[in-house]
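Okay, so here's just one chain, in structure tokens, the form predicted alone.
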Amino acid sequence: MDSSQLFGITMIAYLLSSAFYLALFIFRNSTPGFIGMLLAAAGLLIQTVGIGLRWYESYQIGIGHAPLTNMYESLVFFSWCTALFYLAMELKYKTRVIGAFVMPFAFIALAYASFSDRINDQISPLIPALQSNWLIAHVVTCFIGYGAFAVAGSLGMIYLLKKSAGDKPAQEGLFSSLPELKIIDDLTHKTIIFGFMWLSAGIITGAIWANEAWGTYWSWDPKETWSIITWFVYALTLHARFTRGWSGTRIAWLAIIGFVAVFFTYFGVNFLLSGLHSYGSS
């Protein structure tokens, strides 16, 4: 069995997990939620083995590099980071129903990586710019942040749904399984802080890597520009929270806007704009 088959099994596990979490959300029965959690954990374990196996496969063909260098591998890693962060949050805060909104992201990332005609899933030699010890540090820190921001964006959507349902008694039954607004707001804030720290580390390691590869810490490449735009969106969100006391609906919208910025930084730049990071779209 090769790594791609393990990722296929993981994709199915995440799909089923999403379905069971959705059943928890709709029917407010704890059993589907528990099954969803087990499926998510099993998928994460299988995916971890798959990532390790793909790394080993690269050595078998004489290339030997971490599986973090193209769009296929980054989507797999984004899915892994999202699932890992969500499960850690569920275990810590006992917010199982949120999986109905988060685990679909992990599934969609793997499904797109597996079935899109635009993505090459072959293990390829590293281009010169990627032949650096900073590769793992930069990609890992950025994508841990991206995974956290995917969860924060989901929490923002959950907050808005819960808030809207509060004004419409007929919808209260459907959304009654969601945590209280204050809890959702607090989780959104904590998740953004966590993601912001990792994104900051990713930008710093990326700048060091850029200086090593291209002789400059910052070149205003489209990926760099959108990374700093994303950083400022979350920096302003945290600033507004700490100095202006913003919370609730405003923070929920900013969490969603921030994730849209992450999405464009990740996909839009790769597919729509050319630059030093264009290799990431293959």
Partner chain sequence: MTKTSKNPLLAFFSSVQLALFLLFLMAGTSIIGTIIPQNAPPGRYLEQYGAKMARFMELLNLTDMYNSRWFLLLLLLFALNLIVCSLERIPQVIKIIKRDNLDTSADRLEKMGLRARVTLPGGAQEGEAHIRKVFQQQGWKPQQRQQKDGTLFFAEKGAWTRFGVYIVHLSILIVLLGALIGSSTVAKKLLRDPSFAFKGSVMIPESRQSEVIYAFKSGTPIELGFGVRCDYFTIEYYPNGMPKTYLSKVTVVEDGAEVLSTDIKVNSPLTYKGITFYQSSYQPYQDYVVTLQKGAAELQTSSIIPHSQQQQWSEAGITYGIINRENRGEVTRRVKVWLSDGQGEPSIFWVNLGQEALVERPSGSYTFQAKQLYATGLQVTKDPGVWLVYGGCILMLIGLYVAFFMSHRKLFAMLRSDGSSATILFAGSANKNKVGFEKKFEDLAGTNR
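Residue numbers count along the first chain shown, from 1. Remember, it's a predicted structure, so these values are computed and weren't measured experimentally.
From this point on, the text means the form predicted in complex with its partner chain, which you will not see here.
In summary, the region of this chain contacting its partner chain in the predicted complex, judged by heavy atoms within 4.5 Å and restricted to 109-117, 77-85, 198-206, 151-159, corresponds to 198-206.
For the candidate spot formed by 22, 34 and 50, no residue has a non-hydrogen atom within 4.5 angstroms of its partner chain in the predicted complex. Using a 4.5 angstroms threshold between heavy atoms, residue 166 stays clear of its partner chain in the predicted complex.
Its partner chain in the predicted complex is approached by residue 216, whose closest heavy atom lies within 4.5 angstroms of it.
Though the partner is left out of this view, residue 183 does not reach within 4.5 Å of its partner chain in the predicted complex, counting heavy atoms only. Within this chain, residue 132 lines the site of its partner chain in the predicted complex, having a heavy atom no more than 4.5 Å away. With the partner omitted from this view, the residue of 41, 238, 66, 256 that lies near its partner chain in the predicted complex is 238 [heavy atom within 4.5 Å]. Along 243-266, these residues reach a heavy atom to within 4.5 Å of its partner chain in the predicted complex: 243, 244.
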